[in-house]
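Next up is one chain by itself, shown in structure tokens, the form predicted alone.
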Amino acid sequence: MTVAFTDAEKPQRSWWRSNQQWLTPWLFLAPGLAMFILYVIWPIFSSFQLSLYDYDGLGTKVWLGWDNYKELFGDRAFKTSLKNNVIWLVMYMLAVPLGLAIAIFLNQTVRGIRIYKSLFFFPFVISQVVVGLIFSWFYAPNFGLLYKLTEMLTGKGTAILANPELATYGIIAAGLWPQIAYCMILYLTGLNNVAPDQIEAARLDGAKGLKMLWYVILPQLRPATFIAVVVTVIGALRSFDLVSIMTNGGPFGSTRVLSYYMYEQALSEYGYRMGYGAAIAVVLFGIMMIFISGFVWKMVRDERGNR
């Protein structure tokens, strides 16, 4: 026998059961959101606040307003660091097409291809410290391989890291080695997800070579390209470890970048100017957000245009 209930007699559902469907995802996201707010969002606003003060990390904060930012525009070391960051950004973008080219080369089913993949993957798994030491020995005067090669070819060896005009490019070359490997991994993953039916249809239409790459494969690699570009931009703008290991900002401060200059001003024996270092960090963050936001906006616009 079926018992019928009126609306007033129906058992009341608890608040949790009534809201469980939309609340459950937020409960899973809550720990990650809390960590993100605590270690990313809050430090960003804290750095901006600190940049408005004169503070040595121990004493009393002294309000300066925008004086730290005004000082930046007359600081020659800051201008050198900013110029070097632009050079890093331009040169580092070579990692994206080079990573794609290597990924296409490795995306084959031939004998021994796993060995080649391992060799190209190797730079990504070693520490940046190790990369910096390897290239420091490679460039070293008197016994470095590059020094010996230039001495053999020109009669006079070139000490890359001792030359103010070449040192920055030498460090960038060291940074590109693992960055290309990272982009290669992203594109290899993307190539495994390329739709084979679209490739076959393009071949039947006579597409091959660069046309196949440009019109069929690259549109399907947009997610990998997006991640590769964003990570490469971030890597170029936060290039601290290689500069610290290979030159310490020298010779004569010619290889300083914003992240390293921020460290010098805020934490090294030359500075303890926490407010000024925070101002440099805010400028660096702003530059990073301009590039990343612009690329995200373009990608979203392209996605909407394809719908």
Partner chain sequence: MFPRPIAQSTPAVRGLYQIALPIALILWLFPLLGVAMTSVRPASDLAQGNYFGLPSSFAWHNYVEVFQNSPIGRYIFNSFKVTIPTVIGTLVLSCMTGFALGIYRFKGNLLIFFMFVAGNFVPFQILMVPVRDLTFGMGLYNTTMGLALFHIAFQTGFCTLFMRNFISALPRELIEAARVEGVAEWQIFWYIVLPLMRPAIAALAVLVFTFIWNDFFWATVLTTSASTQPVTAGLSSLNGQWIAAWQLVSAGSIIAALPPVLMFFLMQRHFIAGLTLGAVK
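Numbering follows the first chain given and starts at 1. Here, rigid core means the biggest group of C-alpha atoms that superpose within 1.5 Å across both forms. Owing to the predicted nature of the structure, the values given are computational and were not obtained by experimental measurement.
Keep in mind that the form predicted together with its partner chain is missing from the display, and what follows is about it.
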| Heavy atom of each of Asn85, Leu153 and Phe252 within 4.5 Å of its partner chain in the predicted complex | no
Within 4.5 Å of its partner chain in the predicted complex, heavy atom basis, the matching stretch of 72-80, 140-148, 85-93, 163-171 is 140-148
Contact with its partner chain in the predicted complex for Pro219, defined as at least one heavy atom pair within 4.5 Å: yes or no? no
inquiry  = in the predicted complex, does Leu267 come within 4.5 Å of its partner chain, counting heavy atoms only?
reply    = yes
#### Entry: Heavy atom of Ile185 within 4.5 Å of its partner chain in the predicted complex
yes
(message) in the predicted complex, is there a heavy atom of its partner chain that lies within 4.5 Å of any heavy atom of Gly59, even though the partner is absent here?
(response) no
In sequence order, the residues of 91-109 that place a heavy atom within 4.5 Å of its partner chain in the predicted complex are Ile102, Ile104, Phe105, Leu106, Asn107, Gln108, Thr109
Rigid core fitted, is the C-alpha displacement of Trp42 between the shown form and the other one 2 Å or more?
yes
- request: Once the core is aligned, please say if the CA of Phe252 is shifted by at least 2 angstroms between the shown form and the other one.
  value: no
